[in-house]
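The chain below stands alone and is given as structure tokens, in the form predicted alone.
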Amino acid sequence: MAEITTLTEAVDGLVRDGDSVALEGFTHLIPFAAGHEILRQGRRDLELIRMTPDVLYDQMIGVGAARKLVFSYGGNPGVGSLHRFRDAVEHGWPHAVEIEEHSHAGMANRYVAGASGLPCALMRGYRGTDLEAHTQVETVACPFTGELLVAVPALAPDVSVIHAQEADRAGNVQLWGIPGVQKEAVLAARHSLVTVERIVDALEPRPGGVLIPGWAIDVVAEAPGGSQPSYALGLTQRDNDFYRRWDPIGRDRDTFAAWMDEHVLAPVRS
């Protein structure tokens, strides 16, 4: 059974400097609250893993928490570039960040392999693209047909973090809405943290709902609004204005640092 505790205690107990950490969620259920708590606790030298790095990872890179990014697409949804990400790659500010880029399908297959306890996954992607020569994949021949395929290495993060709509008091979690790789990320990880909008006495099945059993989760922490400015379908709304405002905030180093200090980092000193 998953332990139910506070977000502060959960991050303190699970995330260490130097860890590989996946904070997953596709368009919605992005675990902003957990990511911000990781920053407030001063974690550094992290290998950050995510299929679609967006504003949360821009923030984590910009404050110097990341040493490496394993990803498939980085951008501010509907707006444009992640300026802190670009600044780290192009100018080494606040320090250089190693990157390992994959396709969406490649990242999804890597999570599936990790969740299945396999060392790799086989797929038809990458071949014929420039990406094949610039990332961690290998060409293999199918032993049955001779077809040349690509093997992508399994992902097994030290810690996976996701946000969900609800959990019951035994630590079982339910999420619904746009499907992502949250379940696979949890099952692939050595340890896992799930933040939830609410804890209920019993989970009620929902159309398209994904259930993650408590035995697969280390810690559950109640965090209402924990995906904002992203959203939790059926419970909170996406803050589209914030994503537009982030572009000028993230573009300038001093403006970014001041915003992060006021809105994310300052509570640790209060």
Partner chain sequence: MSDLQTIEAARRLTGKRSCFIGVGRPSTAAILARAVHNPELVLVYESGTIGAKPSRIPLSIGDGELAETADLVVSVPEMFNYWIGPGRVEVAFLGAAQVDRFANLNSTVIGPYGSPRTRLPGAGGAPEIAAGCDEVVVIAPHSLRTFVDELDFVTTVGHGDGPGARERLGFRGRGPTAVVTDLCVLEPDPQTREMTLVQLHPGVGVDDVRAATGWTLAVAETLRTTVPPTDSELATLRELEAR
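Note that the structure is predicted; figures quoted are calculated from it, not measured. Numbering follows the first chain given and starts at 1.
Separately, the form predicted in complex with the partner chain exists; it is not shown, and the next lines address it.
Engineer: Choose from 58 to 66, 219 to 227, 39 to 47, 25 to 33 the stretch whose residues reach within 4.5 Å of the partner chain in the model of the complex, heavy atoms counted.
Structural biologist: Contact criterion met by 25 to 33 only.
Engineer: Given the partner chain in the model of the complex, answer whether the residues His102, Gly128 and His134 all have a heavy atom inside 4.5 Å of it.
Structural biologist: Every residue of the spot touches the partner chain in the model of the complex.
Engineer: Consider His95 of the chain shown here, and say whether it contacts the partner chain in the model of the complex, taking contact as heavy atoms within 4.5 Å.
Structural biologist: Output for His95 is no: heavy atoms all beyond 4.5 Å of the partner chain.
Engineer: Although the partner chain is absent from this view, report whether Gly177 comes within 4.5 Å of it in the model of the complex, heavy atoms only.
Structural biologist: Residue-level check for Gly177: yes, a contact with the partner chain.
Engineer: Hey, in the model of the complex, is Leu233 touching the partner chain, heavy atoms inside 4.5 Å?
Structural biologist: Leu233: yes, in contact with the partner chain in the model of the complex.
Engineer: How about Ala164 - does it come within 4.5 Å of the partner chain in the model of the complex, if we only consider non-hydrogen atoms?
Structural biologist: Output for Ala164 is no: heavy atoms all beyond 4.5 Å of the partner chain.
Engineer: Report the residue, out of Arg169, Arg198, Arg86, Arg190, that has at least one non-hydrogen atom within 4.5 angstroms of the partner chain in the model of the complex.
Structural biologist: It is Arg86 that has a heavy atom within 4.5 Å of the partner.
Engineer: Sequence order please: the residues of 30 to 66 with a heavy atom within 4.5 Å of the partner chain in the model of the complex.
Structural biologist: Only Met51 sits within 4.5 Å of the partner.
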